[in-house]
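Take a look at this one chain, the form predicted alone, written out in structure tokens.
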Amino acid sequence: MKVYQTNEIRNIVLIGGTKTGKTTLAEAMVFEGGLITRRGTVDDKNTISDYRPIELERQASVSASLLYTLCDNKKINIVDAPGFDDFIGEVIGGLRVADTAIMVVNAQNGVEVGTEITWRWAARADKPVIFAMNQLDLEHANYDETLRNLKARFGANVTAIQYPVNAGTGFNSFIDLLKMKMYKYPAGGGKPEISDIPADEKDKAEEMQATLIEELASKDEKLMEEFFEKGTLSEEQINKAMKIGLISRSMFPVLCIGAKHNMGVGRLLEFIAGAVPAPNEMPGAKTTEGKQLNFKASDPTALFIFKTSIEAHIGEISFFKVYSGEIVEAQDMINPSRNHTKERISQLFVVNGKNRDKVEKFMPGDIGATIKLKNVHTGNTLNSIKNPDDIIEPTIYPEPKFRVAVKAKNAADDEKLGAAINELARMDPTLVFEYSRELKQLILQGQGELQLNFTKWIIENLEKISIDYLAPRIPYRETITKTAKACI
């Protein structure tokens, strides 16, 4: 596989509420880029993103998946994050390494609780946001109402750059205000026919484009001068202005898609390749000592482990982003997060969900995976011997909100249970456990009941340990509340 340079890389994370179609969109993106020859579906349980047993059983994403696709000679890394708030740690981890968030919105339901929650986390991470209005081909899809809701909730900087001609049952075409073309898709999806805007849509499109270009020109003084002189901007200038607006979070563009039938997905990828910032156009990482890492290939190597997964027949997989220098196979690294232990990068992989392909090198800004590291956890930094003490600032996860006591039904399984929970907590930093000597109970804490129920499912179905969840005991204590005198 080609080694992609930093300016040829785009890193995105798909966020939003449940059932908005994030996994379906990820599948369509990978298909559109030619990395798979057949699109799987969530209903058929054969997507490359949702492949873990519990995800197949529940038909919902539980863990973030790393994927990638190609468009216009750009490598687009994709983190497909779960929609349930209980798994918000996966969203936070994805936002940490992505440079832009794609907020997937259900055109039937508009702004949902999941939309608002993930928006807040994207804002905290100071990431650009693009709205992908999905499921426009469903019966009750309402583009205009959903757009109004987005503007009402997230501000006037939510800006349409496409609008559908016929949202709802039969949706197959939209107007692109940047290209000033109509994209029309064959029945069932496929490659679009790109044509001039029909006469009955031309006035509306021209009015919307004029407003859009004026707004874009305002993002840069030189572009504003060009706009006043010529009355418009070139496509290159539009992309430049769009990128400025995205980086400054002063523009949140809205695009139209029907991911299930691959409508609008190719155009979305073109937009990402052309307008979304590359890693070195966004702020780099800071170390705990205040040092800035800025994606320079000539600097010493520094990786950040943002996710850990443990899979059958493979063992531990460590997912990383390169913040400086290059990483190659057989490179020796130092882990300052864990007493400067030494690690050797034996193999490097590009990952598409359940599929992994070996590569020899990753450049700064790229995202990949390696296996069989000895003593590396999520949140650790791996450095070359030239910068052994740099520790990239850790990711901050929310405090647990829900707690239960865990007990193996068979006392002989106590040791296995502790090992299983420890393994699960290594994969999900929002899952916290401790043995309370005072209560004499193993206490498991998480973001919600759903997360803990899914944890129970994994322990019982994959680890084959029968367990009970119990209410944690209350630590009653005696104390002196007032003085008293006694006669002897």
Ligand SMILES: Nc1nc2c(ncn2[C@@H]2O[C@H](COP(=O)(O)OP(=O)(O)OP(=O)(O)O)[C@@H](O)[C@H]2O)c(=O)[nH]1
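The numbering used is simple: start at 1 and walk along the sequence shown. Note that the structure is a prediction, hence the values are computed from the model and not measured.
We do not show the form predicted together with the named molecule, though everything after this point is about it.
- In terms of contact with the named molecule in the predicted complex, the residue from 305, 391, 244, 138 that brings a heavy atom within 4.5 Å is 138.
- 60 is the sole member of 60, 452, 458, 425 with a non-hydrogen atom within 4.5 Å of the named molecule in the predicted complex.
- Taking non-hydrogen atoms only, residue 431 never approaches the named molecule to within 4.5 angstroms in the predicted complex.
- Although the partner is absent from this view, residue 18 contacts the named molecule in the predicted complex, with a non-hydrogen atom inside 4.5 angstroms.
- Taking the partner from elsewhere, residue 128 is found to have every heavy atom lying beyond 4.5 Å of the named molecule in the predicted complex.
- In the predicted complex, none of the heavy atoms of residue 353 sits within 4.5 Å of a heavy atom of the named molecule.
- Residues of just one listed stretch (269-277, 76-84, 194-202, 309-317) have heavy atoms within 4.5 Å of the named molecule in the predicted complex: 76-84.
- Heavy atoms closer than or equal to 4.5 Å to the named molecule in the predicted complex belong, across 20-34, to the residues 20, 21, 22, 23, 24, ordered by sequence position.
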